[in-house]
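To begin, one chain is listed below as structure tokens, in the form predicted on its own.
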């Protein structure tokens, strides 16, 4: 807001003396001068008001975000904030009462805890960051030895999202969720990455432990926001890795933290198989501890399709070796049958590590190519590490706990 103060174009003394001789001209000059000063005063008052309002904004205490739980008579509501207990507060007169409803996000004055504004609906930034914007460069062709699992995954996930009219014509409801289980390193997360790339759906990925929050009710709220985001962006796929972090078997007696995890689980079950339809939203979960999962999450209607991702067989190991060596510079013929036999019992991750170790062996010998002998040595190195891990695990499992009070 600019100001012209100080630039009044003052006439010279000779001009004023000449104007004094003519009273009418002098009066006009004074009137013009007064108008100019009044305009300048208005501009300065506006600028003063602007800076006063800015100072009030800087000095005013921050507002508290809360959610309306219940609407009470006498212009009062019960609100729940993330940093304290439920409160019964008043609603300011200038707030639109039609927007005051359970679940609405509001702002509370910190001094009197009065609802002073209704905040617009927007996705939680924490939940919004779970959306995978840049899809991984993984295709189904990059997954070896899991042809049957890929077929089931495409039938349950891709087909209902891309061609829902087929299921309407048949009169059946497609499965809502898929649970992938199996030993670590066998391709569960790799399959999820392939689905994210191959499907045209929005892909939302998270680890189940991210749903465990510090404050009571926050985990359940994040689950609600997560599925609300997926419904808005449908067709969408929600991938929950390590679901056993929140879906372990429930017990009657536990700590407050365990009870909060159970509340989060119950909200997840309600979202998958509740009153609200999923609306072209599919849920994929992964775990390597299916034995600890709660039976409620495994029943039909929630995770309808349970797919095992086992250790690769002989044919699968050959395919995985071919996938990981197709970009390598290899000298001579590669006997994949031999590599598959030597790597019996390996997971896909261990086969990939063996190929990487073969590359390091070539680098140590100042070669820019890999030979069959390097791959065999890589397998032996991974096998030796695997034997060490297994022996230590056996020692740990058979070791008897020693009490300090004995």
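Keep in mind it's a predicted model, so treat the numbers as computed, not measured. Positions refer to the first chain, counted from 1. We call the rigid core whatever largest set of C-alpha positions still superposes within 1.5 Å between the two forms.
Missing here is the form predicted together with adenosine-5'-triphosphate; even so, the following discussion is about that form.
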The one residue among 271, 142, 260, 218 placing a heavy atom within 4.5 Å of adenosine-5'-triphosphate in the predicted complex is 142
Checked 332, 171, 295, 184 for heavy atoms within 4.5 Å of adenosine-5'-triphosphate in the predicted complex; positive is 184
Non-hydrogen atom contact residue 206 with adenosine-5'-triphosphate in the predicted complex at 4.5 angstroms: no
Check your understanding: Would residue 210 count as touching adenosine-5'-triphosphate in the predicted complex under a 4.5 Å heavy atom rule?
Key -> no
Given that adenosine-5'-triphosphate is not shown alongside this chain, does residue 188 nevertheless sit within 4.5 Å of it in the predicted complex, heavy atom to heavy atom? yes
Please check if residue 348 has a heavy atom lying within 4.5 Å of any heavy atom of adenosine-5'-triphosphate in the predicted complex. yes
Q.
Each of 147, 238 and 285 having a non-hydrogen atom within 4.5 Å of adenosine-5'-triphosphate in the predicted complex: is that the case here?
A. no
Testing 197-205, 159-167, 176-184, 90-98 against adenosine-5'-triphosphate in the predicted complex with a 4.5 Å heavy atom criterion leaves exactly one stretch, namely 176-184
For residue 203, decide whether the Cα shift between the shown form and the other one is 2 Å or greater, given a superposition on the rigid core.
yes
